[in-house]
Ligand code: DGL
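Only one chain is included here, represented as structure tokens and corresponding to the form predicted alone.
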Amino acid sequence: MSSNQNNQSPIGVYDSGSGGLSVLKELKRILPNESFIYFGDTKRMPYGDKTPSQLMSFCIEILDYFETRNIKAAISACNTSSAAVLPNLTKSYPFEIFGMIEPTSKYVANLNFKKVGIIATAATIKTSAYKNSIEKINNKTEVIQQPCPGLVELIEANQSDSQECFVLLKSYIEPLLKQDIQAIVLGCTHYPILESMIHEITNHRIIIINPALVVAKSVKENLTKQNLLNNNTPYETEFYASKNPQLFEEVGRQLYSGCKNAKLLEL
């Protein structure tokens, strides 16, 4: 913690677009007194097809901006960047940086499933971050990975309720069902918007695990240990997008109804 940080300092949350709002929603619920700054990198989304060096550059730019805002914690609400670059960034800033992979993996491993499916972007799947982490903690849990190219783009284009999206999602879920999975981890923060579709495709037979709640509880636990919880009235959440903030806001309200007054921020 830097000398400028205090209990009323905000928390920074970022993602390639609106998907991380599913994490912000849980953070606001678990930490109602905290102030938040959200950045959606809509100009450079999706992150799923970017190289590790590109992702590193994006994350550094965003975290550098957050540092100028004197945040007390940052959440990489993006599984792709959490898997690919976050381990190399955690000691570079005067605030804690939380990713999606580690806390979720611990949670899933302790549930003792025999088979768990992971749906995520191709970039996240390529790292095998969830698979390696879960199976390292619990070698009796088999993790079956399913890359889902195209879903993020449809969601960000406000087409999450389209027939095209349903057909594409079904083509990804059905191979997992054939392998008798017991649960599906939403390995991309955009995917909670598809939860009702997943229930329909799986006929409500599969447990759906949303990492957002797990991560929010982890952040609260950490801030409590550091005596950084805010007990005062929070500031209004600030929303920024690197391109087309109006579309970001429109799509974002499906994931978090409090998304409003989004502004353009080009880093």
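Given the structure is predicted, the values throughout are model-derived calculations rather than measurements. The numbering used is simple: start at 1 and walk along the sequence shown.
The form predicted in complex with D-glutamic acid exists for this protein as well; it is not shown, and the discussion that follows is about that form.
Contact check for residue 211: no non-hydrogen atom falls within 4.5 Å of D-glutamic acid in the model of the complex. The closest non-hydrogen atom of residue 104 lies beyond 4.5 Å of D-glutamic acid in the model of the complex. Proximity of residue 74 to D-glutamic acid in the model of the complex falls outside the 4.5 Å heavy atom cutoff. Put simply, residue 47 is close to D-glutamic acid in the model of the complex: some heavy atom of it is within 4.5 Å.
Of the candidate stretches 167-175, 139-147, 189-197, 85-93, only 189-197 has residues with heavy atoms within 4.5 Å of D-glutamic acid in the model of the complex. Residues of 124-156 placing a heavy atom within 4.5 Å of D-glutamic acid in the model of the complex, in sequence order: 124, 152.
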